[in-house]
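Just the one chain here, laid out as structure tokens, in the form predicted on its own.
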């Protein structure tokens, strides 16, 4: 009996150590990136792993002044906020009707939405470029919002539909008996219940939109409209790379993502777990 307990404790200790090593291997690159961005280029060349002897924010100043990171940051923020708001609104409404109503063509329509998750986004680059060129939508501030909303909707609708489907109908029936309209029931009763899954959709959509590179590279040409991922390419040329400035720029790019995750991480886990159990 004692031997079994000792073996169990040793196994648990080994498992905990492995988990700690995996966690550190995931966190260390971010820590390394941040403290390396505080080093000079010469200091970084001498030792890429050492801590900065004299931390400096000069790389951040150069990244903003020289590489115009503040403009790219604003462009990414604008596109991400608008895209995520539209994805949440459309997916919530469409997901609700898919979950609650049976109508002719529902299965076909729902299948078409889900099929959007299976299409490789790079296969859409050329067709979208041609269509946007024909309709005069290339290189505008709203250009990237269209593909980002279109690509984000399939997953968001799937998550919303699964979550709403398992909300008891009695809640809506009680609202109707009290005289609530469909719109009031939708936005005052169902919407607050869906906060966990909405948080999940927000962070998943924000991450994919904020980090997207291919469409931003192909559909946007003006330097004033470029997003952060495309702006990061300014730090490398054919023969040289400004590593410390690049790290400062990457730190500026990832900080909003990290902050968003830290704020919403509990809600995201709740939404994913709820969807998994109910699904």
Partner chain sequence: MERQLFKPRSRVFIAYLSLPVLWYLFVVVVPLVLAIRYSLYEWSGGPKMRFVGLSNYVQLIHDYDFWFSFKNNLIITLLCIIGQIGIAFILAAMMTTRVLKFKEFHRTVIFLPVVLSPVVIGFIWMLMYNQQIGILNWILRAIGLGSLVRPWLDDPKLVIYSVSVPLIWQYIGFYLVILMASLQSIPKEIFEAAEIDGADGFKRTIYVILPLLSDTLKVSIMLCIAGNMKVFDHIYVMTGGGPGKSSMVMAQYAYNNSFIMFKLGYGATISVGILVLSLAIILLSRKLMGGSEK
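All of these numbers come straight from a predicted model, not from anything done at the bench. Numbering follows the first chain given and starts at 1. If you superpose the two forms and keep the largest set of C-alpha atoms that fall within 1.5 Å, you have the rigid core.
Another form, the form predicted together with the partner chain, is not on view; read the next lines as being about it.
Residue-level contacts in the model of the complex: of 194, 159, 84, 128, one residue has a heavy atom within 4.5 Å of the partner chain, and it is 128. With the partner removed from view, the residue among 93, 175, 71, 77 that has a non-hydrogen atom within 4.5 Å of the partner chain in the model of the complex turns out to be 93. For residue 55, no non-hydrogen atom is located within 4.5 Å of the partner chain in the model of the complex, even though that partner is not displayed. Residue contact check for residue 202: none of its heavy atoms lie within 4.5 Å of the partner chain in the model of the complex.
At a distance threshold of 4.5 angstroms between non-hydrogen atoms, residue 141 is out of contact with the partner chain in the model of the complex.
None of the heavy atoms of residue 198 is located within 4.5 Å of the partner chain in the model of the complex. Contacts with the partner chain in the model of the complex, taken as any heavy atom within 4.5 Å, map within 81-108 to 86, 90, 93, 94, 96, 97, 98, 99, 100, 101, 102, 103, 106. Fitting the two forms on the rigid core leaves the C-alpha of residue 213 displaced by under 2 angstroms between this form and the one not shown.
Core-superposed comparison between this form and the one not shown: the C-alpha position of residue 42 differs by no less than 2 Å. Here residue 26 counts as shifted, since its C-alpha moves by at least 2 Å between this form and the one not shown after the core is aligned.
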